[in-house]
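In the form predicted on its own, a lone chain appears below as structure tokens.
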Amino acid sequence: MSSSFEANLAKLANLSVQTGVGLLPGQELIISGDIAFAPFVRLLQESAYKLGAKNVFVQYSDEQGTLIRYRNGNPEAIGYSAGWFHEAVAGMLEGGGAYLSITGGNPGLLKEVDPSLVAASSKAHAQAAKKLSNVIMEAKANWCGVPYATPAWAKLVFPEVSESEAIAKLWDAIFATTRVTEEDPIAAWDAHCSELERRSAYLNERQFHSLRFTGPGTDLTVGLADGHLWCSARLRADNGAVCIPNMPTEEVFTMPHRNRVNGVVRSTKPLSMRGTVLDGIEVEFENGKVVKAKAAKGEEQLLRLIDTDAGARFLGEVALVPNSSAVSQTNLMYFNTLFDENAASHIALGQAYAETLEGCSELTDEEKRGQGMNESLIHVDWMIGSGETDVDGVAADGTTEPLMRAGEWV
């Protein structure tokens, strides 16, 4: 790799720790990622210690080890997840630590694996990591997810070129969308976040009762939770740190009301999930619940997903993203939710983010449910926006206000 690549990778590492995680002096940091990400992990460690980290713990995974488990493990092994480890990580975060997750594995890693085995493993993991998931989704700790280019991912995004060229092209896209190539990346992120916060502030002022999405194959009304709160890129965690949970990020998002979603919706981009790719998703909602679901590709995986638990057929998030976002303007299909959800407006089946409910820390679980919050072991985003999608805000009295036309803010 060239010296310019090495310089940009170092800048991404520093940006991820300083601005993404928002690491505080004296914090412990857990870094999670595949063993193939080791060169980047070491740069992250260097940045963290320079910023005053007390300790940096690395949790390495291994895609090839995952395949070995599926190919050779018995049902008990495949349906097992180390709850003791997730409990330890959750405890560290509740004690004031921070978390950084690196994404970039092979989107098609499990395409040849029996979907029932993948579903069993995923459910076991979600159950074992429930406490850890709650710590993150309730904003008790500062955290961030960042990308790393790998050959398998790069070739899926750029199938027409050589592997080396594909990796170079994917890194160029990563550096551009994470604003690493800006003269001052930290200042660029501050300006970007301020613009997203301006939009979320407007939506919070309007307090729409619902949103209506219309487009090819889509006529969906998403009722919003009572006391919903629009959030955007920056998050202030309970430990006082300010972080940007996703890099890149282009969305403003809030909590749907669990029982007030009606209509039909069609996905506008493929969804990479559990090592497989789903495409052509079509879903019908009645009173919040998915009553019909199909997909042109990966339908079995979709149906298993929505049967994970009682909350998997309900929405936990709705997000607005303009078609002109930095990610969308690359005109690439990333097959990676971290990117693709920031190229289009989207919804998420499953668990809601508590931070998107006003005064959530003072509400009991029963009160949160009463205001429309959904609970589930899953949280899966899929894209429903495009340059052909319109979005209207609908007030409690039924009056409407255009928010997006042809995928752009009005």
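Throughout, we count residues from 1 along the sequence that is shown. Remember, predicted model here, so these are calculated numbers, not experimental data.
As for the form predicted together with a further copy of the same chain, it is not shown, yet the points below apply to it.
**Q** I need the one stretch from 381-389, 367-375, 349-357, 36-44 whose residues put non-hydrogen atoms within 4.5 angstroms of a further copy of the same chain in the predicted complex.
**A** Heavy atoms within 4.5 Å of a further copy of the same chain in the predicted complex occur in 36-44.
**Q** Here the chain is shown alone; which of Ser194, Ser164, Ser324, Asn74 has a heavy atom within 4.5 Å of a further copy of the same chain in the predicted complex?
**A** Of the candidates Ser194, Ser164, Ser324, Asn74, Asn74 is the one lying within 4.5 Å of a further copy of the same chain in the predicted complex.
**Q** Would Gln64 show up as a contact with a further copy of the same chain in the predicted complex if we use heavy atoms at 4.5 Å?
**A** Looking in the predicted complex, residue contacts with a further copy of the same chain include Gln64, since a heavy atom lies within 4.5 Å.
**Q** Please run the contact check for Ala88 against a further copy of the same chain in the predicted complex: heavy atoms, 4.5 angstroms, yes or no?
**A** Yes, Ala88 lies within 4.5 Å of a further copy of the same chain in the predicted complex.
**Q** Does a further copy of the same chain get within 4.5 angstroms of any non-hydrogen atom of Tyr202 in the predicted complex?
**A** No, Tyr202 stays farther than 4.5 Å from a further copy of the same chain in the predicted complex.
**Q** Indicate whether a further copy of the same chain has at least one heavy atom within 4.5 Å of a heavy atom of Val58 in the predicted complex.
**A** Although a further copy of the same chain is absent here, Val58 would touch it in the predicted complex, with heavy atoms inside 4.5 Å.
**Q** Heavy atoms within 4.5 Å of a further copy of the same chain in the predicted complex is the criterion; list the residues of 20-37 that meet it.
**A** Heavy-atom contacts within 4.5 Å come from Gly26, Glu28, Ile30, Ile35.
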